[in-house]
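The chain below stands alone and is given as structure tokens, in the form predicted on its own.
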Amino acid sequence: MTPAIYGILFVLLAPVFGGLLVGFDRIVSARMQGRIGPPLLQPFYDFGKLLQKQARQVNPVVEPLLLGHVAFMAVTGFLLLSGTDLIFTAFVFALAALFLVLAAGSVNSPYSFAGAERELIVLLASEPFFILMMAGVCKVTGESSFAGVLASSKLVAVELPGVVLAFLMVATIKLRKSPFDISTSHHPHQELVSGLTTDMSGRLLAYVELAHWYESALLAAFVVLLFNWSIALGVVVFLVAYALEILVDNSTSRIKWQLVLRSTWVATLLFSGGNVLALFLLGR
């Protein structure tokens, strides 16, 4: 199959993967809390119900911005698997997240606006890492495309152990897991209620959930880049890391945004930046 076909398959199948991941998350979290939990397919049932409900239109620009959020998440996956430059893909990934910030910030609500500000902080904390990660992957393999990295004989995770460690922290932010769930949360302990999604309902909330499913699938694809020995190995590593994220989510409390920003930048500069700098200094 051509790279474009792989990109189209991502657009079609990523929501299925993301929805099943959320279902797995809910079941494991419930068992950790001594509950049975919902069925594995419950996220899809909830998504269907949201689409059927009437959305409360808070202003005329929220829905187009949320559609842009979903579309650019899907486009990021298409570009990644269809052979587009990896660093350019990282910038499109950041653009997709920015649409959610704009949608929440356009709502005349203190909870949504505060959530949008915190989501912008999340972007400032996490997006530099992805650019450094892609630069490191390109440096190690000498390739700038997804297929090229997978075909490379260089083992990326062995050459970039610092990036792998930093990825675990940044993934906690992108998956909206505690202790880094400062802008929105699926847990009821948020002092911002639901943060940036407070004033979203019906299909508007369904768009946010769909985009999150695409985002989860993108993180899995990034892990495949790091563990480029085989796609199957990369997916298995992602699932193990996700199980670890669930454990952390259920055993930690949310921290302040200042600590989120400082700790993520320290991890990015120390582990990722140091690792990439070492590669350039050593000429590898």
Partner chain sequence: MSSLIAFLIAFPLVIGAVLLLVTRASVRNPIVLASSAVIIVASIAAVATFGNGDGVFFGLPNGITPGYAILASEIAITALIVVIGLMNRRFLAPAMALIQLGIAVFLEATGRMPEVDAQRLFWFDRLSMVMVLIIGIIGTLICVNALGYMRDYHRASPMIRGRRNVFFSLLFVFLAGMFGLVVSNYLPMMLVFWEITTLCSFLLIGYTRTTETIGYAFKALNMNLLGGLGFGAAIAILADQHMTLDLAKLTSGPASGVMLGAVALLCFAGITKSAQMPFSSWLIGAMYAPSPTSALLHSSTMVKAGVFLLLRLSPAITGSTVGYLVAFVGLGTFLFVSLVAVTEQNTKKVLAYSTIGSLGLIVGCAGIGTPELAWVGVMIIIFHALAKALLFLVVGTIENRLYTKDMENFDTLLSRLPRVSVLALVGMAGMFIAPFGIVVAKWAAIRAFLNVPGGQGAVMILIMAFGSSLTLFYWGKLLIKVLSMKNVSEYELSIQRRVSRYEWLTESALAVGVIGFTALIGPISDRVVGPYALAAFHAAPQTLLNIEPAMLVVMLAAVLFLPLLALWASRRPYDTSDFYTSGRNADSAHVMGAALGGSRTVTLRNYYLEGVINGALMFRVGTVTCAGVLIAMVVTGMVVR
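Residue numbers count along the first chain shown, from 1. In this text the structure is predicted, and so the values were computed from the model without any measurement.
The protein also exists as the form predicted together with the partner chain; that form is not presented, and the subsequent description refers to it.
- Under a 4.5 angstroms non-hydrogen atom cutoff, the partner chain in the predicted complex lacks Leu239 among its neighbouring residues.
- When the partner chain is considered in the predicted complex, Ser152 lies well away from it, no heavy atom lying within 4.5 Å.
- Looking at Gly234, you'd find every heavy atom of it more than 4.5 angstroms from the partner chain in the predicted complex.
- Proximity of Leu81 to the partner chain in the predicted complex: non-hydrogen atoms within 4.5 Å are absent; the residue sits far from the partner.
- The candidate spot formed by Phe91, Leu95 and Ala114 lies fully in contact with the partner chain in the predicted complex, as each residue has a heavy atom within 4.5 Å of it.
- The single contact residue among Ala211, Val170, Val156, Leu132, judged by any heavy atom lying within 4.5 Å of the partner chain in the predicted complex, is Leu132.
- Comment: the partner chain is not present in this chain, but in the predicted complex one of Val164, Cys138, Ala74, Leu175 has a heavy atom within 4.5 Å of it, namely Cys138.
- Interface residues of 40 to 62, taken as those with a heavy atom within 4.5 Å of the partner chain in the predicted complex (partner not displayed): Gln54, Ala55, Arg56, Gln57, Val58, Asn59, Pro60, Val61, in sequence order.
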